[in-house]
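What follows is a pair of forms of the same protein chain, given separately as structure tokens and numbered structure 1 and structure 2.
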Structure 1
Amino acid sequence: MVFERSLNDLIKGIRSHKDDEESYINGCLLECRKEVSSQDAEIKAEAALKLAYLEMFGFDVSWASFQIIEVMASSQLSQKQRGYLAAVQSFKPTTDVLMLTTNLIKKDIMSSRVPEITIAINGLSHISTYGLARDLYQDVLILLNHSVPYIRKRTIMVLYRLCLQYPDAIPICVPKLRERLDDTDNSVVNASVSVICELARRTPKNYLEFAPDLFHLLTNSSNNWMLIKLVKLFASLTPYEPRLVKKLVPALTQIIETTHAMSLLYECINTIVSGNMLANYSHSDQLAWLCTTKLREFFLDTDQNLKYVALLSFYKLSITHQQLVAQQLDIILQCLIDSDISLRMRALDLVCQIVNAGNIVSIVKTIMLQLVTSSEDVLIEESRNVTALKLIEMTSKSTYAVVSDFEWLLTVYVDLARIPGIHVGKVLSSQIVDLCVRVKALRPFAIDLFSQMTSDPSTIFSEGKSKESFSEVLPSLLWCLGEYAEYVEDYIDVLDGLVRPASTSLPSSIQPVLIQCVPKLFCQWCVNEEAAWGPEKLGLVKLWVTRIQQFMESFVQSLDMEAQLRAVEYSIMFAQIQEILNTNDYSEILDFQQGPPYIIKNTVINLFFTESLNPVASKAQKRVLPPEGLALDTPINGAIEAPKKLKNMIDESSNIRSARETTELSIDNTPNMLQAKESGPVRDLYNPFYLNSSPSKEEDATAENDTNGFNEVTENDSLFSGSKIMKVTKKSRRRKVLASPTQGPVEIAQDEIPEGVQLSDEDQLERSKIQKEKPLISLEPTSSTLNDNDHRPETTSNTPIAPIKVKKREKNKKKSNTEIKGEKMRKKRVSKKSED
């Protein structure tokens, strides 16, 4: 006799094998496998129980489904219980033996022993599927009239689950449920109320007729649980029946004012707030006021949960009574800085809802304070990012509708950029630019602020984690500085701050903007103080031109392409300005004494400042009408049709070419390709290299394939190369080639050649290309044998490209390598023929 492990032993074993739990459990699983298939019912049941336990650990026990059903069928109660428990834990809607349970459960439901019925009902509630529900709901309905209220109660609950699975049963079940509302036993009534409540949440209209009965229960019952369910139920009914509201309000008000149970109070408030009762009702303000007072009391409680649910309710309330909620700002602000993250998040959501011109300053202040003080805490980094983003969103809602003081807002953004540990740089930078562009009056202040910041080299050039966001914001600052340089007060300071040798070490996102900004500043400086023009200024200007020119030159080696490009352009431009300024022409020198040089005043400045940049709507591009006569949809070369003979030649040659190319490209598909080609000239519409005989078909084929840039080229290419093949080749030979294109050089060598075609250089080109591109093994013998006939491989690789061919290449500049190669392959074949 084998000593089976009882459940206790199993548990003790697992607990003692803390280190190798997994292997121990696997061993136990194997044992269970054996035990569960044994004949002895007791052992089976014990094994089922063990499996249920192991399932809790996450192990899959679906292989034992059938055996579990056997245990379920046992007549002994404890075994049955164990079987059902295992079933409930492990059966899924996809378990295939589920249908076997139908009869089993039916039998158990009809049994005379109450516990059996209980177990069966319980199991049914967990494992019911559409099929099971459909088959069993009739039997379950019979149970509704059972003498034992315990059974009745359970039946009602399981009916809910069945109705969910099999909605067709609802019309039959609901009247029966209604009868149960008048049941003598309280728990049965309770159960039926629960079920009706849940069902009504889905389709409220069907249950409006129950309202009178339910209302009666609401006013007479003292069972809090039932009251909660009833209140919830009414919340889903009221949107459909406005008259209910009038009746409900007094009842609800009474409950709110008298009950001590917080959960009931919350439920009532929730109902009022989310049940659409506040929208049109005449006394809705009063009601809202009542709710608000009660919710305020929640905040005074030390229980964090109450604060949480109060915040949720306020959120819902603020949709209809924003002002009322905004008056509670003080307690909400307290929640904003609470140590509990859930509370903070909820408060943040709420605050975004109730923000208005009056309270935005205090809200923003609180949030910023919280962000700054929590910067050391790494755990909540994500929440800080969310907070910061919400802050930005809140202030910029509907293009800054709530903000009246933009200077303050700008300082807030800049400070936000400086707070360490949050990554909102990108959003911030676009916001700052947005602000400066949209709000003209802000520009002087903004420029003032930015120039102060840039004059201080530590803001730009310092490194470190704390400057993460700031370095993303810097480009936008520099851009604004340059764009609105006319407002700068002290140009020399700003220029000094920017034009430094350390600038070359700035990240590449900043360099181009910096390079662009400096000339703008310089131009404005020259132009704006026209009255103060004099020989000293001229001297300064000359000095600065030199300095800027050198500055630009230092960027010429930069790694960023954009920066390099601009630097080169500007260094040359400033060198020219330098030349102009250092002229020896006396008249020009006189001119320079009078005012800023023409080149700066008129030419260069127009580069930057002819038109101001305004914000563009996102749909503006769509509104732009294309110019008349421009038909975007007609194909460019659609009208061209190649003559028939040519088309045939193209087709067949392209078949071979495409076969070659596809074999070259898809190395792993060689056998397939060979087979495919050997089966005959199969036109593969999805092969991008295949051409159909008519141009329209070609267009279709090319349209279907994902373009690699080959398609238009293919068309042109074929036409082009087709023109080179002057003579019509014999179709029979071609067919042989098609049949086995990559087998040996022999077939290909049989190709005919057109007359008078320059071949030798093309040959070399083709061969050199082939060798460079490492074709398939199958191709190499062909190429080498090809070469055998006229040229040796070594010589081909060294031969230079003939100029004539270059010209032809230029015509098809867009050709890809493989296209060119294919072409050459054809020409190579052609060349072979020429040799024969």
Structure 2
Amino acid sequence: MVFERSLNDLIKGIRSHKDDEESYINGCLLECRKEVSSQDAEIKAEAALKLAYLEMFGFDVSWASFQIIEVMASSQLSQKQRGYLAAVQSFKPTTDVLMLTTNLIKKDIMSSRVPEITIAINGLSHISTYGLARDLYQDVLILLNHSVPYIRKRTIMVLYRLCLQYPDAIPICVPKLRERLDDTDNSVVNASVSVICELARRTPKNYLEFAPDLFHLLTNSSNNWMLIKLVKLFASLTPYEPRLVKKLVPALTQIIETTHAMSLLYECINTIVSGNMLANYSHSDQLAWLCTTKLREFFLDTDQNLKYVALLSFYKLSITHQQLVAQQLDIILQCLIDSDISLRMRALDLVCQIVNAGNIVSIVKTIMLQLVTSSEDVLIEESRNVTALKLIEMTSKSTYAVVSDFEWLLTVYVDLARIPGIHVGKVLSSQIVDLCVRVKALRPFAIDLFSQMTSDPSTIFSEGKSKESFSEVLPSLLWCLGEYAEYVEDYIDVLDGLVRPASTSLPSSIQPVLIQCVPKLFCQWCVNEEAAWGPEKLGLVKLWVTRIQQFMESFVQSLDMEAQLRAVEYSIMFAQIQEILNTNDYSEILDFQQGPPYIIKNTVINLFFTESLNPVASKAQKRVLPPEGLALDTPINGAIEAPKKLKNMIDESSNIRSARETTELSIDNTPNMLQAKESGPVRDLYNPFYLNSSPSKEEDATAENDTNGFNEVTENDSLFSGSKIMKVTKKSRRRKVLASPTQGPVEIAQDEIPEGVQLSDEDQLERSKIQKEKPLISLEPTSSTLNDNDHRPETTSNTPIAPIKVKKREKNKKKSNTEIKGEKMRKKRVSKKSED
């Protein structure tokens, strides 16, 4: 494939190879790799230009960084320009050869040709790093005195980039920038103001000394762009120097009155409002009126952005001059029904701020109209929920301080609940209950409204989108009907609307409240009908008792636990009432015909209406002082102490455990199964939580013999696990071996057998067994026999012996058992010889 050496041919080739574009570009990269290494400077420059173009497709050309620097060093301006363009496009802060550009850029900056200087400055602004900024900023500062204004302007702009990369250069560069504020060229001054404003955004306090020069430019300049920069800069300086307000307000007022630029007008008004200048100015009302008048002109423009920023300024201005902003309600309400959702949200925030008793009706009416008209738009459902919540927040502001007609407000809440697609039922439910509890005069109207709603089956058992929203409000309506049942006018219609078979299909959140509401209405109806009581009323009451009892039984199998519990309780209660009313006693029947039964008039009604429910402030409990002598931190029954017996058992257990740990540390850590099995019963004997079985008689006898014949182990002795008593018996002979760690090496006495005396076969066999058995007593001295400075000898035994305290044998025994045996044997032999 022959590749033409021009960028135009490369672009045409890429466009003509849409099917295999990637393979074509890969071939072009191979051609560029060859061309960039060519000795021809023009071919190399063209290759660098093509690589810059291919880099925009996402291909890595970092391998050609050194060749690009060679093109940048070309003496021809067109080649140098292409080299800098490729460097700007491909160089990154991590490029290895970037340090080689330092002297190259410094040479180009000091060139006598303006195009080379501008190319170098432009390239430096893109590829500058910490090292380049540190090495070149002083050379760039020299260009601030260049005779060409264009060079000075470009130099000022690149200094901002260098100051960001190398912050230590700011103290040196800023005074030079301040000198350029008096430059004869407006573009240079504009560039200086822009750079100073950008630097002052980070640390405004450091630029207060620039205020006189900047104020001079503010009052004498006609460049709107520079004035906007200056106004923003003064807005950031006034918090650190309040005295600037007196100087700035007249200048800003003059600009507001004379300028026709909307952007400059908004920045001046925003600076006055956001900078808190209205609070510290003597003629603040006049200035605020001027600002609102100018902001109103923003709504006459077709640009939606101007309306948006005007609403933002109105919101900030309403904090200090609410009544002044409220006079612009007509244009604000137009934004509430605008098609732009961002405008509606900003207008909604604003009306929540300026709402009062005089304009709340018009504001709520506009919001409700907007919610109803947009009910079919699914895409803005979230915004409609936010709007509904804002409406509730607005009407309940400062505990309904802006509301004078609570009947109207309750109607608004009920209508809001009926609008489909709005999920604010829980908030509305709590607000309806709060209204009825707080405002006693509202209760008759509320109960009448709720009675009409519950009497209509389409309201309770509604279908469609409105069912979900209204089902969250229905519990509050039923609660109010039951709690304030004395205001109900037609109890039969209300009960008939509630006690329906379809009520079992209501959501589980409604069923418990419904079950609680029905008995309250029934009892209040019976009490209210006492004056007109008669046989007909008694028969009607019996019918309703039976119907309510059946209604309660239908909820006994409800999946909701609370509904099931209440249904069972009231089903039993109405069953008892039914049993009482169906009595056969003639005297009781006559009493029932004279008035309501006692169980209804006195017993059941006291369950619900004994005390009135009054509203309580959320912070009321904190105002109640605790009685004197009340110590909430003191236990009611005093300190609980454990029994002494239990304490002793716990202390013994802890002492034994500590002793066991000390013993385990003193012996070898090598595990031994035999040792664990033998020490287990002994450890359990000292365990207060271990119940061992009673020893047998044989074990008791053996223990007594061992105690009488041998050494005793006291309670304070250490636990032993490896020592064992080895018994060798033959008829009445017994041999016991014990280890005494406190006596040093233990010597085992051998049987003294006289010369010429032969043992029997049984004695020899027994003796050989004893010798073959492994001794259980260590013949090495224990740690107790060593001095403090001695080292403990290493033992090779895998079953170390725990130290025990043993009493010494009685020394008054003259002969051992072996000696007695030897004497008996001699006597027998002597007697045999004498007989022979």
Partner chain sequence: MGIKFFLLVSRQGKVRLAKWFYAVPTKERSKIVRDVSSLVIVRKPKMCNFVEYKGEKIVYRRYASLFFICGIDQDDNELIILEVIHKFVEVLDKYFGNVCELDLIFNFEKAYYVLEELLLAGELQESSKTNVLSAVLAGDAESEVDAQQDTIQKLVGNVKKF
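Small disclaimer: the values here were computed from a predicted structure and weren't measured. We call the rigid core the largest set of C-alpha positions that still match within 1.5 Å between the two forms. Reference numbering: structure 1, starting with residue 1.
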field: Label of the structure corresponding to the form predicted in complex with the partner chain
entry: 1
- request: Classify K107 as shifted (yes) or not shifted (no) between the two structures, where shifted means its C-alpha moves by 2 Å or more with the rigid core superposed.
  value: yes
Core-aligned CA displacement of Y315 at least 2 Å between the two structures: no
S476 C-alpha shift between the two structures of 2 Å or more, rigid core reference: no
Rigid core fit between the two structures: Cα deviation of R201 in angstrom: 5.3
task: Report, in Å with one decimal, the C-alpha displacement of M649 between the two structures after core superposition.
output: 9.1
